[in-house]
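A single chain, nothing else alongside it, follows as structure tokens in the form predicted on its own.
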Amino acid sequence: MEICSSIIVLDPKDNSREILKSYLEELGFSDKIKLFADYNEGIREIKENPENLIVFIDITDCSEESFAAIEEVKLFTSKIVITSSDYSTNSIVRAMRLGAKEFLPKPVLKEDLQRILSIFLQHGEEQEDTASKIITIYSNKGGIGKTTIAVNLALELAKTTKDKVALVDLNLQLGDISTFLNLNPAFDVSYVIKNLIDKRDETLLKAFEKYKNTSMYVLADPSYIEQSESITPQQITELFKTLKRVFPYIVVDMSSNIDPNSLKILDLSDWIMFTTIVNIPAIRNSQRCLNLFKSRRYPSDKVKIIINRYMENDEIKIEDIETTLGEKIYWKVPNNYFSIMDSINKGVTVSEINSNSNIANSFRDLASKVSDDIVEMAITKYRI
């Protein structure tokens, strides 16, 4: 059990402060509770005693003061819970982007409060219910551009959310992420699987290559093919458990093959961003793959279809593709051959080539949509 020195409640409403205090006392935290009706007073207390804090911040009125409090508190703790009797998505998404980790709806229920405290105070497998998401970029046909999408989405997620994002190359025999980003990492996924699964979070992070001055961390594919051949589905399961302990977002690039390891990656992913292009063979291949997903009984919201190299004047229209596949298109990445090839050849992301290009804007907007949709899914259960 992790030590918690103080639980700070910032809430201008007397009644809700007292309700939260009452539940916290019943849960055994009587000597740790500090209540503040004034945000500034609470922040002063946090600055004076910043160690091992859990902070509850009410945003019911959506005041700028409450949002500013989240930004300040994030400098001292990542364990921030927002409370609100207004369940509108926009305010909750904004608070999450500023640094809040959990949402507690009002009127507060004791079991919801207990669940959140257990997430913050427990280690290991008991943290599996956290908001950490595995987002796998997949295509059942090579040459579609999934590595480009994985690399650029991961970086833009890191920029958008300000959270740690793991970019993991699980194309175990022919991975390209290190090449795309001009990296020469000291460690790879094989080393992590064999040596670091049970290690402390700080040790695990050292095996990742941090990309420049961002919060994106890269884990490369195995250096030798024989290393990849020894990796098992069970090891992939343990790898994902370990990564979810450290990273709020895990973006995975994988091979186009269907084998036991690939199926395990797909099964364990929270989202599969299935990538295709607009031509008849690719669409037919997509139909086969979607049928595979259905046979494995994946939830309907698990698979997101991405159209890569999209051109407005294509003969085949998006509506035709949606009708053929029986699924809505989640995102369209515009065709910009020269920017993509320039970024690959220089070993950087497209935003570093031209941050104002149509494709850089597309990846930026995609990251915003992904992070917003993940937050919205997390709060759906609280809606009336």
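Residue positions are given as counts along the sequence shown, with the first one as 1. Model, not experiment: these values are computed from the prediction.
Just so it is clear, the following notes concern the form predicted in complex with a small molecule, a form of the same protein that is not shown.
- Contact check for N336: a heavy atom falls within 4.5 Å of the small molecule in the predicted bound form.
- The shortest heavy atom separation between F180 and the small molecule in the predicted bound form is within 4.5 Å.
- In the predicted bound form, I340 approaches the small molecule with a heavy atom inside 4.5 Å.
- With a 4.5 Å cutoff on heavy atoms, G143 counts as touching the small molecule in the predicted bound form.
- Contact annotation: of the candidates T83, T136, T161, N308, the single residue with a non-hydrogen atom within 4.5 angstroms of the small molecule in the predicted bound form is N308.
- Of the candidates S269, T148, S228, T276, T148 is the one whose heavy atoms come within 4.5 Å of the small molecule in the predicted bound form; the others do not.
- Stretch 328-336 is the answer when you ask which of 58-66, 44-52, 328-336, 312-320 has residues with heavy atoms within 4.5 Å of the small molecule in the predicted bound form.
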